[in-house]
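Alright, here's a single protein chain in two forms, structure 1 and structure 2, each given by itself as structure tokens.
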Structure 1
């Protein structure tokens, strides 16, 4: 058997609050595409950051071509030909493409012209359409990823590690990336890509390492496995999937939330939302599909009142709420589960009980002669902890100490009660393990059954298809169309998400 290009042996890593890796061993050969598959929090990123020298392993060894190597920092890793593209890109938005690529790779006085030429040439070789003079902050996410790849190529990497590279791409862009990965590996290089998407694994990987709870629990060739087996390995048990057809009740047709021709202009004058019209009925789930960054956040924010539209109207039960601020809309019964919960949804340094109070601190029901009615609040929190089975020692526990899934449940509990009429879910399951995802899906469907109007924003198409009564596709702040789930295929929605109009889609997709 040929010696492995790189090999990890017995890697363990302990963080303050979690075991990230325990005794992780696997290898990769030249010319191979390796998928590192696992749920969020399975320790995939950590072990790759160890290989790239960003983290130091507490135990274990790394070998290159059979010889042990010490990787103390990314510099060491680069010398060995390893390059890693982080899930959240590590680019400097305020700098140009060139400056980002040469960072740390050149010395002395910077000869802008020379480096720009080099990068242009390199981009040409791989067919990337990237302008070296552009500022990264002006680039779309897909292009930013190409900049990251160029950075790795500029360093002449022979082992490329990519952390969840398709999370921000349209299905078509993802396909192009997969093609690049195969080509790159075919030239005698190797690629490890981290993912939790089974489909990608089956389409591109030669071999699959499955991780669960920080350990390797499977090392299989693609040709000898299938998606069902992989998902079992990944989750560790069979999981009941929430099915849309469990709910036969046809949604009531009375529209509750109406968005009429809403346009939102950013300070730069570029519209973030263009002439959007949507309606959500009682007991209806409207799914908003799209690649992230196409106006989803803005759409949520004009509904919850964090931003005011430049033109257009928003109606709730026939009442014009366009000019009402956040507080008034909370009181009107609009709940919002934001995508970035730690930034927009909770105060990490406060207790669960205090976080329950966040949106209703003005409400008299939590007050007792001007003071906070701590007893009532605690009792309520205790109830919610039970109902949502939030794992915590007490109502006084700081939210920071909870796991991501439990944090999300805290917000969910609060917003479900807040949103008496409308609840907006923005990426409600992002970054959570499948158990938590299931729970959250059940909650969403339960609220629908209560007759609430639900706006569900998600970049996970499976989630959109599983839950939505209607699906709207958002691209560059515009609605590409509103569909019944049955009208759409993955391919068709992919093209819509990439900006093709409905007429073009029919031609292309059929």
Structure 2
């Protein structure tokens, strides 16, 4: 048998009482693309950080070409030809592409022109359209990722580890990345990519390692499996698929939420939102698609009252609420599930019951002679725990101790209750496992069926297509167009997300 390029044997890692990895063993050969698949918290990133030297294993061994190696730092990993591109890029925005790539790799007097030419040639070899003189701060997210890859290639990496590499890319950029991965591996190198997206796994991987609860629970060839089998391995049970047509709402009535020509000027004078006009009817889900950082958060905050527009109007059931504050909008029936749950959605040092109360503490239903009616609050919280299957020992448990999925369910329970008319969901399933995602999708459809107006912001196109009645595409704070789901293909929506105009898209996608 061919000797493995790299092999992990019996790797275990513990954080206090938490078992992150337990007896993890697998190998990768030269010329192979290996997908590391698993739910959030399955231990994928931890074991790869051990291979890259960011963490040290408590137990186990690592081998290269059959010989044991000690990797105690990223510097050790790089000497062995291992490079890791993490979800959050490690680039310096104030430096140029060239400066970022050579940073830490060269010393003494630097001949900028010489290195710029080197980087230009390297980019050309892999078909990357990157200008070595551009500043990283001015680059699109997809181009920044190419710079990260070039940095690894410049270091002569032969094993590339990529953590959720398509999370910030348009469909076209993701497709180009998959092409690069195939070509890189075909040259005798190897790629391990960490993901939870089954479609990507089936499109590029030669072999798939499935992890669950810190252990390897599957090692399969792509040709011998399918998406259903892989999802079963990931969560340990069959998953009931959510279908939008199962919960039909009443025919769309007149728009409930109307946004008219809204512009939001930032302090720099650059508009974060530019002339936005949208309408959401009762019993309707409006999906907002786009790459992160194109004005989605600002749009959500404008609707919920956290920011006020520089110009334009917001109407709820015909009433102008443009200048109403957050409390007034809560009272008007607007709920908001924010993208960053720990920063904007809850107070981590408070209990579940206290977090349930956060946005309605002024409501007289919780008051008993000037004090909070704790018995009533606990009873209500217990109902929500049961309704949303929140795993917790009691209503008094601190939310900090809950898993990400259970924290999201706490926010969901509160905001669904608050949002009697409108609910804004900003990245509601980001970082959650398949079971939690499935549950949240069911909640969204259930509220739609009750006649509520839903604004769904997501970078997951599969989620947008599965749930939305209408889809608006946002690019650099502007609406590229509003469509029926049937009007859009993945290719077409990808071009719109990249800034192409409607006419250009029709021409390109035909």
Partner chain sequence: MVNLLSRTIMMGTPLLFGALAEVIAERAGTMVTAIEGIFLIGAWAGFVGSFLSGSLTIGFLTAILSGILVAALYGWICIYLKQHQVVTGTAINILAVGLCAFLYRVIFGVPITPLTVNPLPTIPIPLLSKIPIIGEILFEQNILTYIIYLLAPLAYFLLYKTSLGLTVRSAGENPEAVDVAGINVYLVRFLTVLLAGAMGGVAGAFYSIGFLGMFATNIIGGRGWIAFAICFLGNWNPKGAVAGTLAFGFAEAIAIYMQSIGANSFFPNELFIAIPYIMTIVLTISRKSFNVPAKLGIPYVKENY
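Numbering follows the first chain given and starts at 1. Because the structure is a prediction, the values reported are computed rather than measured. If you superpose the two forms and keep the largest set of C-alpha atoms that fall within 1.5 Å, you have the rigid core.
Given structures 1 and 2, which represents the form predicted on its own?
-> Only structure 2 matches the form predicted on its own.
Spell out whether the Cα of residue 102 moves at least 2 Å between the two structures when the two forms are superposed on their rigid core.
-> Result for residue 102: yes, a 2 Å-plus shift.
Under a superposition restricted to the rigid core, does residue 25 display a Cα displacement of 2 angstroms or more between the two structures?
-> Moves: no, less than 2 Å.
2 Å or more on the CA of residue 224 between the two structures, with the rigid core superposed, yes or no?
-> Comparing the forms between the two structures, which are aligned on their rigid core, residue 224 does shift its C-alpha by 2 Å or more.
So if we fit the rigid core, how much does the CA of residue 371 shift between the two structures, in Å?
-> So the C-alpha of this residue moves 3.4 Å.
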